[in-house]
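Just one chain follows, in the form predicted on its own, and it is written as structure tokens.
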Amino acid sequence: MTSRRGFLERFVQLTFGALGAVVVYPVLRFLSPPHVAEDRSARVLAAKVADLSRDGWKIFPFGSEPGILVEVAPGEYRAFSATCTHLECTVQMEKASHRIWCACHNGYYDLEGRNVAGPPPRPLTRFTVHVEGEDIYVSRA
């Protein structure tokens, strides 16, 4: 037979144990998030030729990161990683200056992906572009 004192001690232990689990479990899950396999797609459909006719550039998903596809001349395309090499902001095309621009810290890349102004320390990673009919594919190699 359990005494009243023993029952209360056990009740308090279980209550604090449950409270600890409610607090500790989310903290542990936050500190060790589940492993998500990185999508390393070797080739993606980046755009249709008609998609680029209006603006001349497009951001597309390339695995888990964004890519940027630019029409540098009619029918000539280049693709780069759209992640700025400075602080990993997403870059965009600045049509007026014919350069790729990072709005976070006013960094510029030329249409070869080279860092030409601002704080970016390295060029953008360049991808290979394949045009098949109306489809524009981008691959890592």
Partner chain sequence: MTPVASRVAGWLRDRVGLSGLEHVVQTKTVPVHRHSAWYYFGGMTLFFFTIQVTTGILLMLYYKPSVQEAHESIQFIMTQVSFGWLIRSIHSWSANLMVATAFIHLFSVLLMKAYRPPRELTWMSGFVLLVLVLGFGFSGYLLPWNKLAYFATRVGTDIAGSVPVVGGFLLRFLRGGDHVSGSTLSRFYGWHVAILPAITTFLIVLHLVLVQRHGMSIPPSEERHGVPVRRMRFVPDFLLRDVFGWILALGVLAALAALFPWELGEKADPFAPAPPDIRPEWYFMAMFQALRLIPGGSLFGLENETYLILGFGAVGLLAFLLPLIDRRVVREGRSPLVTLAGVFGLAFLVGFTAIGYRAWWPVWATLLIAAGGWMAGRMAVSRQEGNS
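All of these numbers come straight from a predicted model, not from anything done at the bench. Positions refer to the first chain, counted from 1. Take the two forms, superpose them, and find the largest set of C-alpha atoms that agree within 1.5 Å; that set is the rigid core.
Form predicted together with the partner chain: not shown, discussed below.
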| query | Which pick from 42, 96, 50, 31 sits with a heavy atom within 4.5 Å of the partner chain in the predicted complex? | reply | 31
| query | Just one of 100 to 108, 23 to 31, 50 to 58, 69 to 77 has heavy atoms within 4.5 Å of the partner chain in the predicted complex; which? | reply | 23 to 31
| Would residue 19 count as touching the partner chain in the predicted complex under a 4.5 Å heavy atom rule? | yes
| message | If I superpose the two forms on their rigid core, does the C-alpha of residue 17 end up displaced by 2 Å or more between this form and the one not shown? | response | yes
